[in-house]
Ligand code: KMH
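What follows is one chain in structure tokens, specifically the form predicted on its own.
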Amino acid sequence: MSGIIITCALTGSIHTPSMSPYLPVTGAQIAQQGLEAAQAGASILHLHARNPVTGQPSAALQDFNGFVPALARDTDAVLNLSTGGSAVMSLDDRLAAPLAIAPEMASLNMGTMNFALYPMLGRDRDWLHDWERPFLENTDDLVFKNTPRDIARILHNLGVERGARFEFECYDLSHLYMLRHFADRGLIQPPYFIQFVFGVLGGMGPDAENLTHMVRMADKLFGGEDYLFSVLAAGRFQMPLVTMAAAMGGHVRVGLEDSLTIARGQLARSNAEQVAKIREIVERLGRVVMPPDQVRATLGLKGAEHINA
């Protein structure tokens, strides 16, 4: 039975507080949900910050410090800080906290793309904060900037200078070729941990055919021994596609960043609820969940003792 990595993305920058009362916003909420997710079986915690008063996505180091030290103290999970932040942030803002914290692992988006969230406005709701509706409306003119220069800067400043390894987020086939480009330049070394992202309007659709094709192309570009793939999918496609990934020998990501539900029409009450569900599924498939120490060894991480938390 092969080992499987479960990543949990706790809060993200896509959903807004009005969409679910269970979305963690404050540092204490993110820390508590992260602890529970790790106890449920998540070996990697993917981390964004929010303004604790408004729930707005935040790049402020003080907001990351509201939960990173607690998670580093109370769990042995790998802390994976986002360098994507929110698509409306500058790269300097997105990098401020990761550069200060120097995590073991960081996410890295592999291409510039449209990042359209406005379809989530289709449901009537009472908005808790005045920023939420305009934020979603304006994504019909939003470009998520991740140029080759941006990517090279992140690889150097976080990877070379601070020893972080990366979760390479690929929203489309072109992003795999960009990753191959940076491997050819010698700026990254295997094993490559590649996260296929499905269901964001502007990236790949959440179709099973897209997953099988991405795996075929990753095999062609990187060889079967040099990379690991994981899958995340937005909304109601989360569990079907990550289950497919597990059955194909890949790894999985769940969490309230990606989907607010645990079943059709039913809000998940916590990140841990989603972790527990996917853990049961993958174990029934004969997969064994990797503990954090095995994840560190598999991905060549520098160790939790080397982060600034």
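Just so we're clear, the structure is a prediction, and the values are computed from it rather than from any experiment. Residue numbers run from 1 along the displayed sequence.
Note that the form predicted together with the ligand isn't included here; everything after this is about it.
*Asks:* Looking at 155-163, 209-217, 77-85, 128-136, which lies within 4.5 angstroms of the ligand in the model of the complex, counting heavy atoms?
*Replies:* Going by heavy atoms within 4.5 Å, the stretch is 77-85.
*Asks:* Are any of the heavy atoms in Ser230 no more than 4.5 Å from a heavy atom of the ligand in the model of the complex?
*Replies:* No, Ser230 is distant from the partner.
*Asks:* Answer for His48 alone: is it within 4.5 Å of the ligand in the model of the complex, judged on heavy atom distances?
*Replies:* The answer is yes: His48 has a heavy atom within 4.5 Å of the ligand.
*Asks:* Since only the chain is shown here, I'm wondering whether Leu23 would be in contact with the ligand in the model of the complex (any heavy atom pair within 4.5 Å).
*Replies:* No, Leu23 stays farther than 4.5 Å from the ligand in the model of the complex.
*Asks:* Quick one: is Val197 in contact with the ligand in the model of the complex, heavy atoms, 4.5 Å cut-off?
*Replies:* Looking in the model of the complex, residue contacts with the ligand include Val197, since a heavy atom lies within 4.5 Å.
*Asks:* Where, within 230-258, is there a heavy atom within 4.5 Å of the ligand in the model of the complex? Residue list please.
*Replies:* Heavy-atom contacts to the ligand in the model of the complex: Leu232, Arg253, Glu257, Asp258.
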